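Just one chain is shown here, as structure tokens, and it is the form predicted alone.
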Amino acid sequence: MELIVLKTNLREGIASLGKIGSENASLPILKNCLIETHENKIKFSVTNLEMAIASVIPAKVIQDGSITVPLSVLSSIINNLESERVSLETKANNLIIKTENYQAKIQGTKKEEFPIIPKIENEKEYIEIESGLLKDSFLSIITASQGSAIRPELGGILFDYQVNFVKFAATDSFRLAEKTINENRYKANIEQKVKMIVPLKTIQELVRIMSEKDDEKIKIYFDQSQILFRTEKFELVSRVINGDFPDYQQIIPKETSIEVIVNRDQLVNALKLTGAFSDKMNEIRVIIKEGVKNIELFSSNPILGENQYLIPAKIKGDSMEIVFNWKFLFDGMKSITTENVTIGLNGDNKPAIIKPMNVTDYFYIIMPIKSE
């Protein structure tokens, strides 16, 4: 292998890989990065056996070839080079890196020793969606998911393709978030419905490397056990989680006894302030009084003290006191960009539902904390 490449492109390609390969120290080869050349492009690949990421960058390839080298060493060198023009060459299982004033030799291994990167068998059927839209959709729900060794399905994101819409959902049993994308916002040639659970770690890595540009497209491919995300610059393939995602439709409130409309920014600020006095359970009390045009947030701590915050609100319904984990409530607010939010309540022991004002494609459900 022999080629010339720009340092800027090298940095971008290597940065996309993240650190997934270094997570399994029991297999040293997983700490390596596979480097391959084809048609004046370099392809870098890493894997942890559950997920693999590959990035592609342009280069002037003089001779095709391949090698695997420790990613941490390669990344450290490339990130500290001063010269923009970089030469890469392989000699006797070594990768030679040269610039006008620097040279390094990294001991590598043959491509054949690197784990086989899994591939999707059917790449004729796919969903194509704007990268920025997909990234925002995942960011709006992933806070509701937490890793669970006992219930692996709670450590994943539901990917529910229903032909004329796609739903993404996440839950940790204490809260739930759902985002819907209608068919006029993506292209697809898949006629059958597809439902699978994608590991949270996979989605987090995808969000990390995805572009926010609306004009960049990402294609999504499926098979029975894997999912592939692909753009012109990267590929991410991952195993999916076996099991059934919780049937959450039954817990979505169809009606609410109290509806509160409040300014989103004021509520966020109130949560930050009153949350500072909450206890170890992050409890915050929301007090709604009949005939009053505000809601009160109250928290106390036997060591720190107590505080309260009044927020102007439009209220339909009776009075109520309800306790939430303020951090969970705050997570729901972070994903909402509208000026006002609607909060629907049905008592202190039933799920509350939060929606952006006049928006129907997203909701966030949170369970109250049972007050003593």
Partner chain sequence: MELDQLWKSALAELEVQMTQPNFLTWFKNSRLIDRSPEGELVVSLANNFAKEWVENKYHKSILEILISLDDSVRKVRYIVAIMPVEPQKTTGEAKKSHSSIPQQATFDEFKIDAETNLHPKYTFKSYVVGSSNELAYAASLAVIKDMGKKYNPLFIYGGSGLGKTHLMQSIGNQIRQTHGNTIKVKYIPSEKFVNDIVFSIKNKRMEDMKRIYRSVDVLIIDDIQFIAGKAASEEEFFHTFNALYDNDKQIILSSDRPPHETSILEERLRSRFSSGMIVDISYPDYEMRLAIIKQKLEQEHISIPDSVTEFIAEKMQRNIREIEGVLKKIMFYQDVKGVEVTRSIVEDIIDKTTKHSFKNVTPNQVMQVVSNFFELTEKDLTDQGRRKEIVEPRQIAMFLMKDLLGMSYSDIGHKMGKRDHSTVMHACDKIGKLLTSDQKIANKISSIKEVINSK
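Residue numbers count along the first chain shown, from 1. None of these values were measured; they are calculated from a predicted model.
What follows is about the form predicted in complex with its partner chain, which we do not show.
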**OP:** Please state whether all three residues E2, S83 and T109 have a non-hydrogen atom within 4.5 angstroms of its partner chain in the predicted bound form.
**Re:** no
Original post:
75-83, 246-254, 228-236, 291-299: which one contacts its partner chain in the predicted bound form at 4.5 Å, heavy atom to heavy atom?
Top reply: 246-254
**OP:** Report yes if any heavy atom of R208 sits within 4.5 Å of a heavy atom of its partner chain in the predicted bound form; otherwise report no.
**Re:** no
Original post:
P152: heavy atom within 4.5 Å of its partner chain in the predicted bound form?
Top reply: yes
**OP:** Spell out, yes or no, whether the shortest heavy atom distance between K119 and its partner chain in the predicted bound form is within 4.5 Å.
**Re:** yes
Original post:
Any chance M281 has a heavy atom within 4.5 Å of its partner chain in the predicted bound form?
Top reply: yes
Subject >> Heavy atom within 4.5 Å of its partner chain in the predicted bound form - the one residue of L158, L95, V262, L176 that qualifies >> reply: L176
**OP:** Work out which of Q308, S66, N346, T342 lies within 4.5 Å of its partner chain in the predicted bound form, going by heavy atoms.
**Re:** N346
**OP:** Residue by residue through 328-364, tell me which have a non-hydrogen atom within 4.5 angstroms of its partner chain in the predicted bound form.
**Re:** F328, N346, P351
